[in-house]
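In what follows, one protein chain appears twice in different forms, each by itself as structure tokens: structure 1 and structure 2.
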Structure 1
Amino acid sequence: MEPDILELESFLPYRLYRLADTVSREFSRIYKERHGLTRPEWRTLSGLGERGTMTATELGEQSAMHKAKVSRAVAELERRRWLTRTADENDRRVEHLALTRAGLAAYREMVPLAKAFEGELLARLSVEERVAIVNGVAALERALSCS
């Protein structure tokens, strides 16, 4: 008897990964062209832009990035003077990260571009498909407790 074969092209986790990667790469062209940012740098910039001050650990959890990627992104944004680090008063091993004025300006410049990208992406779908994808993703997030 032949073992079962997993057809990756119809395996939902594989399809979701490929779709997320494709969408992320397409959007990355915008921030790469505008600011020369990598995906981890964008995720760091956008996380801090949305939430304000965060630790590297919080950034990693929020963005699902490995701590090494967070560390490199933080170092690059700091080199650009887009980010500052402040030591925690109670635990010197912890640093609080925040955007500088220049970092916040770059973030604010990107927000309308990100929203336009999302709008253009969703405009490729019918109204019914948009509702289905938004609801389907939300349902999976709830089911996997990642929202």
Structure 2
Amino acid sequence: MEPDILELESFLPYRLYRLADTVSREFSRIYKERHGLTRPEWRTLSGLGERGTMTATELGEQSAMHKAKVSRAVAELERRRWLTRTADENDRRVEHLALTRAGLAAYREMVPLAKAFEGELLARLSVEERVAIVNGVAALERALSCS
């Protein structure tokens, strides 16, 4: 192990990135092919489907997206009539976002697909490996306080 050489193959940041990229790319095929959604759009749909009503800021926090990304995704979903904005009564800067019936339908359709995807991914691992990845990810999230 030469000290002045970096083995990319075993460098954790690189491995994590490649792994996440592969998984994310596979998964994105599902919402891309099915509904032509981008990742920010999918996350927005998924956030609102899960929580019901959120503001753009909350959405950004929940799904780790910059507010510009959120803004664009919201605009697109609104254009599709998948969500509506309701002005806040006390603070006119804030809008409360919620899925329309159509948006909810799309969400409900996606949920089983997402769960199946995750299930199939984990099914390829042994029990110990599943425990390892889940605990390992949780530990790193804690260490980086990104969760």
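This structure is a prediction, so every number in the text was calculated from the model and none was measured. Take the two forms, find the largest set of C-alpha atoms that superpose within 1.5 Å, and that set is the rigid core. For numbering, take structure 1's sequence and count from 1.
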{"query": "Panel number for the form predicted on its own", "finding": "1"}
{"query": "Core-aligned C-alpha movement of residue 9 between structures 1 and 2, 2 Å or more", "finding": "yes"}
{"query": "Following rigid core superposition, Cα shift of residue 139 between structures 1 and 2 in Å", "finding": "2.8"}
